[in-house]
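Next up is one chain by itself, shown in structure tokens, the form predicted on its own.
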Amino acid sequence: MLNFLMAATSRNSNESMMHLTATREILESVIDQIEDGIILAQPDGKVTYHNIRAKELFGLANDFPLKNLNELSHINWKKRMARAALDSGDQYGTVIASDRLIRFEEKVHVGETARFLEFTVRRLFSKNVQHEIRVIVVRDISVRRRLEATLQTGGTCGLITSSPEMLKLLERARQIAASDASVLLQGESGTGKSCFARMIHDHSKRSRHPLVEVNCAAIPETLMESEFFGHTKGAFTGAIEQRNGKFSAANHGTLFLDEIGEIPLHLQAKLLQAIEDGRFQKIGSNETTSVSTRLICASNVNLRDAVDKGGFRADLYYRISVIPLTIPPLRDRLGDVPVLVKHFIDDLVARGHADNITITRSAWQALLNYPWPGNIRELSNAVEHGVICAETGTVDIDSLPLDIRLYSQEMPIQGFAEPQAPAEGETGKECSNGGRDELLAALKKAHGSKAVAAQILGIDRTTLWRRMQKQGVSSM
């Protein structure tokens, strides 16, 4: 290893060679004390040097002759580096031909323990060396991953995908991240709109500044103006001290307004002015505050329809939807279910669950047949439910949540047309053509909104989805 690092300074004299040998021994001793694994490898994967820690991280014996990268937990290095380059928004060929860092994570098994490792790969080259060397730094991030998995509130991420449509959306999101244009994310609840907002911010020039997230549906209408713009001391009853709002907190960063459709009309005008001018006044103040904020909004209802119905200002809609992105529901990309399930199981393992989880064929069939009205958030909860209730590490259909089990019992296996008995609480009429007419009428009255249609029929959304599937009714 160090022959490469010191090639530029080597001399032919015996005195210099003795000095270099001593220096090499000292440097190797120092490197062996580092907590990270250090590996030097050729482009074909041949290992030319590694420190002691590298073997320890992979659970290899000290006398194991590590000769090739493929001997390290069977990691497909080319595939992982290509994926890491794509995730960063670059092309693999561009990155691999330069000295830029490539970083990725991998879960490896050391005995019966799952270990999360972070790999940093850089191409190192010198005029005095004929062949390039790749320097690989391996860091154990298991403790950090367990902490993140335990503390994260959402627990969902719609960016784990194999769907061509979603991959195009991700590419578009990375493309627009560099601008300051307002972005409107639309899609059903639980599809991953918050994940998209965070990704856009992380890839933007504002990433070193705060991303301030506001759930507009969770703020009482009387407190919204203060929450957005702040207030002075004594501006209203209970204002015992001056307070800055979310716009000020997001200065130089990004303000993410989730469920923006919940903002009342009388406040939308002031919000529009603040967005267009970058200025506003706190409640109770005549002074103008200026901010530089990038706006990302999200809604689980179609704001264009809300504008037509008079529930949302047209001028505000056009201002926040410079770049609209619509995230498809999980039922339209069922190919993502297996990759998301794996992702959620990895998170559970990071939180301390056993790493011997298997899923039976019947459980997989139930997961793939279910329409997921709660989308990725519901899938995340279902996986956690299944893992907790699994017996001897096996997730069977009985381990899954009740809604999924009931749906699986009532729906025929795909490819068959066996008649099914009415579900508990449903009459024969509801499963007949008369039930279909009632279902279509409710959906028409609700302008295609499943949540509203379910309320009209007096049922929950899961039951609505079961009826739609049985009657062959698609989204309107």
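Counting begins at 1, following the sequence as shown. Only a predicted model underlies this, so the values are computations on that prediction, with no experimental measurement involved.
Below, we refer to the form predicted together with a small molecule, which is not included among the displayed structures.
Colleague: Is residue 195 part of the interface with the small molecule in the predicted complex - any heavy atom within 4.5 Å?
Modeller: Yes, contact at 4.5 Å.
Colleague: So in the predicted complex, does any heavy atom of residue 230 sit within 4.5 Å of the small molecule?
Modeller: Residue 230: no, not in contact with the small molecule in the predicted complex.
Colleague: Please determine whether residue 254 contacts the small molecule in the predicted complex, using a 4.5 Å cut-off between heavy atoms.
Modeller: Outside the cut-off, so no.
Colleague: With a 4.5 Å heavy atom cut-off, would you call residue 259 a contact of the small molecule in the predicted complex?
Modeller: Looking in the predicted complex, residue contacts with the small molecule include residue 259, since a heavy atom lies within 4.5 Å.
Colleague: Considering 200, 404, 363, 340, which brings a non-hydrogen atom within 4.5 Å of the small molecule in the predicted complex?
Modeller: Selected residue: 340.
Colleague: Which one, 159, 350, 85, 325, lies within 4.5 Å of the small molecule in the predicted complex by heavy atoms?
Modeller: By the 4.5 Å criterion, the partner-contacting residue is 159.
Colleague: Go through 102-110, 286-294, 263-271, 185-193 and give me the stretch that gets within 4.5 Å of the small molecule in the predicted complex, heavy atoms only.
Modeller: Heavy atoms within 4.5 Å of the small molecule in the predicted complex occur in 185-193.
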